[in-house]
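As structure tokens, one chain now follows by itself in the form predicted on its own.
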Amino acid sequence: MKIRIKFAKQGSMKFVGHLDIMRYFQKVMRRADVDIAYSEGFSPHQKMSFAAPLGVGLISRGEYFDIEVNSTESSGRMVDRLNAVMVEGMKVISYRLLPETSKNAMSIVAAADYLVRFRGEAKPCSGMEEHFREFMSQDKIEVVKTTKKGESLADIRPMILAYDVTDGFFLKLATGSESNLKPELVMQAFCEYLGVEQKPFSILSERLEIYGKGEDGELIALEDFGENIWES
């Protein structure tokens, strides 16, 4: 059975990198006595894959990974069992059964929601909300992106799928293997637009949700590809 698990990463856990989070959840599976499936061969490993790595220093309300299990209890019981062995700052939110034909989360990631705020004294100017609307009204927003092939000039405006400035800076950004934009790059471009230097560690970023594309191309929260397992 394929299972998709949603979890939150808060507090001091934001300083733990992706590889360590992977190792952490491998231990959680053993401590919670999850009947997880293992690969075959000389070096068996748990069948587990993560949706989209979260950068160090970011917190999140919506991270995901998929596992395969041989047997399972209800979603409610499994969430309780997992949270009973979790450390402070980590919390499982949902545990859902996926259709047998589902693709893994990593392969379908298409977008993510972020909430970005400037630290109190690090605000680049007053009236930022109106300035940000003007910034977003541009047809093009060009920045220098660094990739494995080097640096290149890229227009990031098409990768900003939605935004709002009602409570901080809400950004829905293209995410995944086809197109990937980090909130830090958007805010860097915004500061350059204002003509001010962005101070180091001046912003607080939180990932709110990760989406995949449905059959008709619409964005669907990754947990909504599955369904809860109820008590029999």
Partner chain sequence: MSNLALSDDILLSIDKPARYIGNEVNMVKKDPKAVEVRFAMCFPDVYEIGMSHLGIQILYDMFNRREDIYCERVYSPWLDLDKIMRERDIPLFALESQQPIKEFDFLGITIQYEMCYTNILQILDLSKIPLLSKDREEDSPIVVGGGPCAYNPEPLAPFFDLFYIGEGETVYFELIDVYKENKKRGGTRRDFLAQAAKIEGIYVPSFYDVSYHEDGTISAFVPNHPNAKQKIIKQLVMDISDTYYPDKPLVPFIKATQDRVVLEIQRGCIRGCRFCQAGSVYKPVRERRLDFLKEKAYKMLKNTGHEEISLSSLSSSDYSELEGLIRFLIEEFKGKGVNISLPSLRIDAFSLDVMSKVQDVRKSSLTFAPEAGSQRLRNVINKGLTEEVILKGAKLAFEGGWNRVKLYFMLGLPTETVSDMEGIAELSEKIAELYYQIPKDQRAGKVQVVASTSFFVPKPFTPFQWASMNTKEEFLNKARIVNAKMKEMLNRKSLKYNWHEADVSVLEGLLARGDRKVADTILYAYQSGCIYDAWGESFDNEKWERAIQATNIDMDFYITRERSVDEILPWDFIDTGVTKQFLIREWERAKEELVTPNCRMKCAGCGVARFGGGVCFEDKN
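These figures come from a predicted structure and were not determined experimentally. Residue numbers count along the first chain shown, from 1.
One more form of this protein should be noted, the form predicted in complex with the partner chain, which is absent from this view; the next part is about it.
Comment: the partner chain is not present in this chain, but in the predicted complex one of Asp33, Glu178, Glu197, Asp167 has a heavy atom within 4.5 Å of it, namely Asp33. Of the listed positions (Cys125, Leu153, Val87, Ala162), a single one reaches within 4.5 angstroms of the partner chain by any non-hydrogen atom in the predicted complex, namely Val87. The shortest heavy atom separation between Asp20 and the partner chain in the predicted complex is within 4.5 Å. Among heavy atoms of Ile220, none comes within 4.5 Å of the partner chain in the predicted complex. At a distance threshold of 4.5 angstroms between non-hydrogen atoms, Lys14 is in contact with the partner chain in the predicted complex.
Among residues of the shown chain, Pro53 is not one whose heavy atoms approach the partner chain to within 4.5 Å in the predicted complex.
Contact with the partner chain, judged by heavy atoms within 4.5 Å in the predicted complex, is confined among 181-189, 64-72, 33-41, 167-175 to 33-41. Using a 4.5 Å heavy atom cutoff, none of His131, Arg157 and Gly214 lies near the partner chain in the predicted complex.
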